[in-house]
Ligand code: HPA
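For reference, the chain that follows is the form predicted on its own, supplied as structure tokens.
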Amino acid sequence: MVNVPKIEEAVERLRYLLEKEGLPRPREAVVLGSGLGEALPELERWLEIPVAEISGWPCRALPGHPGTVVLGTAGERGLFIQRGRLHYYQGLEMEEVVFPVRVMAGLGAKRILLCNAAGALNPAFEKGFLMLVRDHVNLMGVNPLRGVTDSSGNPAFLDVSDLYDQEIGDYLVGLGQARGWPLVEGVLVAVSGPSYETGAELRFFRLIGGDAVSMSLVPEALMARFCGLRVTGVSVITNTWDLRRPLPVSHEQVLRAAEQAVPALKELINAWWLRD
């Protein structure tokens, strides 16, 4: 069951810091996953806070995840950036994984951009590509809305047939073509991890329509939609897969590949945030 008082405590703490620094409340939020913490958009003013200083925020150290929150602004536009995410495979409950999304919604965010690292299933995808998530397949075996109720006390029966914002996605695709971003579109398959996939699993994921596979993003997307946010997802392709010649994967390799994609991702995030 979601611990509402902890969410409210975190929201109040961040509101206090925003007011103290004279920063506007964020209407947009960005989550930066493995190796992507440096993809910060252009900010005029900002405040960075270790998540350990935010009441109730689950803390789990992981390489490639700074574990901070950046509250920034460009003019009167506020932005919430989560540098480093929480994962189900770290032994957390799903309600802890999506805790930051509930806080973002509590602060007033209306749009969210979820960024993560993913392995390619589509043979046309290359390392360093940015994949706009058009849809997903949830094979994690859990759902963050389990036990969550709506305002009437009913289970959170949520229509997710159009979970990822098509209008914003189309805008980014068009902009990417004009600017030469390595941007493709596809379906993300979500698994629980932390082990990487077997060859048979990868063949199955591709067979059911997956273009990339990851251990994150989907839980946050579901909770964000439940909270009323417009959701956009972008996966950085950090490793490719060849059916004929499976290659070993390590977390260190994923982080190095993700870091190389930061410049293009940073440009995309800036365009997404400042879109009218």
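Being a predicted model, the structure only gives us computed values, none of them experimental. Just count from 1 along the sequence shown to find any residue number.
Another form, the form predicted together with the named molecule, is not on view; read the next lines as being about it.
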Problem - Triple contact flag S214, T238 and V254 to the named molecule in the predicted bound form, non-hydrogen atom at 4.5 angstroms - result: yes
Practice task
With the named molecule left out of view, choose which of G176, G119, G84, P100 has a non-hydrogen atom within 4.5 angstroms of it in the predicted bound form.
Solution key: G119
Fill in the blank from the handout: Contact with the named molecule in the predicted bound form, heavy atom within 4.5 Å, among W181, Y171, Y196, F204 goes to Y196
Practice task
Pick the stretch from 44-52, 206-214, 22-30, 219-227 whose residues have a heavy atom within 4.5 Å of the named molecule in the predicted bound form.
Solution key: 206-214
